[in-house]
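This document opens with one chain alone, in C-alpha cells, the form predicted on its own.
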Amino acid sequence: MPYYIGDVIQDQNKLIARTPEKFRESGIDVQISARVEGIDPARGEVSLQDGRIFPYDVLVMATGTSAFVPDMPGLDLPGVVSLRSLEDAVRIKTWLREKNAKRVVTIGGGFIGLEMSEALSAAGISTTIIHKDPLPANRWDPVLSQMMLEELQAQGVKFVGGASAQGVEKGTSAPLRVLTDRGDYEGDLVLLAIGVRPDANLARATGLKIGTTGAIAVNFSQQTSIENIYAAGDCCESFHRVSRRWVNVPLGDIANKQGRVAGRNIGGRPMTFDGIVGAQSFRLFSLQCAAAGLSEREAIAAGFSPASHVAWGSAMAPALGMRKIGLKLTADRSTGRLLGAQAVGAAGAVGRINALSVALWAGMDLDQVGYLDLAYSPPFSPAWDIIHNAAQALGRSL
C-alpha cells in the first residue's frame, strides 16, 4: 500500500487479490459492508448489525489487526490518519492529491513509517519521522539501524529520534502540527504508524481462548478452543520454531499459509501449519533490510544464553566492486545453535536472510552454517560468503 500511495503502483485494482464478483463466480457468497454483531457457538449462528442471521457448521475468524492509536489530543482532526487497509490507502492518496500536500509528519519509525517515507519521497513529498527510540527499526542491531538512519538522511527524510509525540493541533504554515517533547513539526497530513494489534474482540466475546500475545490461540490445524471454529491470519497466533513459543507476527505471507491450512482441514484434506521463524524484510530507498529468528532480547526471554557477532562485507566479489552489507548472527552459547539473523545492505540482504531462515527452520548450528554449500559467482558473492564468515567468526567466540 505505501507503493500505491507513492504512485509507484498507480492502479488500486492491482492490490485487490479477488473481487466479490470473482468470488461469486466460484460459488462463494460475499457480504461486504456487513458488520458482525455477535456469534452464538451453541446455536451455530452469526448475527449481523443489520439484524440478519447466518447459520454455520464451521466458522473461520479472519479479523486481522487494528491500528494502535495512542491516547493523545487532536487525533480526530481531519488529516490525521493510520494505514491498515486498502481503503485507508485510497483515502490517504486522495487527501494528499486534493491538498497538494508537500509535507507529511509520521509518528513511528517502524516498517510502515520507513516504507512510507520512501513512497512519499517518490511522490515529491517530504517526510518527518517522529520515533520514540534513538534509531529506526529498533528490532535491528543499532549498527544496522544506523545504516538505515544514514540512508534516510541521505534521501532528505528528517528523523527525530528519542521523541515522544504529545498531541496534534492545527498548524500555522501547514494544516497540522505535531507536538513533541523535542519540538513541534508541521505537515499537510499526520500518519500514525505506531503499530497494529490483533483484532480479537469478537473472538473474546465469543468465548474463544486468547493467547498471551492478545491474539486468538490456535493449534497446528488452525483450530481455536472451540472445535468447529478456526482462525487464520493476523488475528491469531503462530508457533515460533526457534523460541518454541506461540507468537503473533502480522505478515501477509503467514496469513495466506494459515488460511490455506484452515481451508484444507475444513475441506477434509488434513494438514498442519508447522510454524514460522519470523522472516521479514522491507526496502528503504537503496537498502535491503531483512531479519529472521530471535533478537538477543527475545532469545534471553526464551531461555537461551545468546552470543552475537556483526560481520561486514560485500554482496559481490570485491574485485567487481563494493556493495556493502552488514550481517548479524545470534547463536546459543552452549550449543552453537543459530537463533537469529539480521542484514542490511545495498544488495543481497534479503537473499541471505532467506537462506538463514532455512537454517533456522532446520535447527542448524554455526559449524553447519559456516560451511553451507551456497551458489558462488563473483557478481553475487565472494568465494567465502558473508554468511560463512559471520558464522565462523561467531563460532570462534563461543
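Because the structure is a prediction, the values reported are computed rather than measured. Sequential numbering from 1, following the sequence displayed.
Only in words, not in the display: the form predicted together with a further copy of the same chain, which the text now covers.
J.: Please check if T63 has a heavy atom lying within 4.5 Å of any heavy atom of a further copy of the same chain in the predicted complex.
T.: No, T63 is distant from the partner.
J.: Do V69 and a further copy of the same chain come within 4.5 Å of each other in the predicted complex, heavy atoms counted?
T.: Taking the distances in the predicted complex, the answer for V69 is no, it never comes within 4.5 Å of a further copy of the same chain.
J.: Whether F23 contacts a further copy of the same chain in the predicted complex should be assessed with a 4.5 Å heavy atom distance threshold; does it?
T.: Contact with a further copy of the same chain, no.
J.: Can you tell me whether Y56 touches a further copy of the same chain? I mean in the predicted complex, with a 4.5 angstroms heavy atom cut-off.
T.: Flag for Y56 set to no.
J.: Of A123, M271, L75, L86, which one comes within 4.5 Å of a further copy of the same chain in the predicted complex, counting heavy atoms only?
T.: The residue from A123, M271, L75, L86 that makes the contact is M271.
J.: Give me the residue from A137, A174, I276, V168 that has a heavy atom within 4.5 Å of a further copy of the same chain in the predicted complex.
T.: Exactly one residue meets the criterion: I276.
J.: Could you tell me which of 361-369, 326-334, 35-43, 48-56 sits within 4.5 Å of a further copy of the same chain in the predicted complex, going by non-hydrogen atoms?
T.: Selected stretch: 361-369.
J.: With a further copy of the same chain taken in the predicted complex, which residues across 366-394 come within 4.5 angstroms through any non-hydrogen atom?
T.: Read in sequence order, the residues that approach a further copy of the same chain (within 4.5 Å, in the predicted complex) are Q368, Y371, L372, D373, L374, A375, Y376, S377, P379, F380, A383, W384, H388, Q392.
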